[in-house]
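Starting off, we have a lone chain in the form predicted alone, written out as structure tokens.
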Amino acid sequence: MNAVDAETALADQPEGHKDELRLWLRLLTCTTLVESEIRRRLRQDFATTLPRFDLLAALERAPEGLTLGEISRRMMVSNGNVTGLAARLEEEGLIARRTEAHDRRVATLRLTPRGRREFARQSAAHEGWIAALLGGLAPEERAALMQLLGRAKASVRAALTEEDQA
């Protein structure tokens, strides 16, 4: 028996449900479906996890390196989560830690050459998976969706700004 997602469960509800709620549930359902499949494929094809992939991706985008605090902010997780992940990736030779001369308590993490090669393999597969999962959309549909999601993102940010000012 297939589990029913929240969006599908609401499909037969009376019209009193707000469009905004239904939109939120559709976004959440799409995100959950894609993320679950990416997690499964990373585990199956690379014996890795999405948080490990995300940490390598953050370092790939910052060749000068990042501190644990910068990584935790970018990944939106606690420093403790990043510390454990970083330690395991360092043991595997995928990242290197350098203590800063100006403050011995601060460490900068960088990808090693081996880490760059491994991330390149994983990210190429990841790109293909995303293309396959979203391949049912025509190019003009993807463009329209990107534009609409950009407007949705701006709407959320504006609402958060208004709340901060209240």
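Bear in mind that the values here come from a model prediction, so they are computed numbers and not experimental data. Note that residue numbering follows the sequence shown and begins at 1.
Keep in mind the form predicted in complex with the DNA is missing from the figure; the text below concerns it.
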Query raised in the report: Among 121 to 129, 134 to 142, 57 to 65, 42 to 50, which stretch has residues with heavy atoms no more than 4.5 Å from the DNA in the predicted complex?
Result: 42 to 50
**Report entry** Contact of residue 106 with the DNA in the predicted complex (heavy atom, 4.5 Å)
**Finding:** yes
Query raised in the report: Though only this chain appears here, would residue 113 touch the DNA in the predicted complex if you measure heavy atom gaps against 4.5 Å?
Result: no
Query raised in the report: If you check in the predicted complex, is residue 97 within 4.5 Å of the DNA, heavy atoms only?
Result: yes
Query raised in the report: So in the predicted complex, does residue 74 come within 4.5 Å of the DNA, heavy atom to heavy atom?
Result: no
Query raised in the report: Considering only 69 to 100, what residues come within 4.5 Å of the DNA in the predicted complex, judged by heavy atoms?
Result: 69, 76, 77, 78, 79, 80, 81, 83, 85, 88, 97
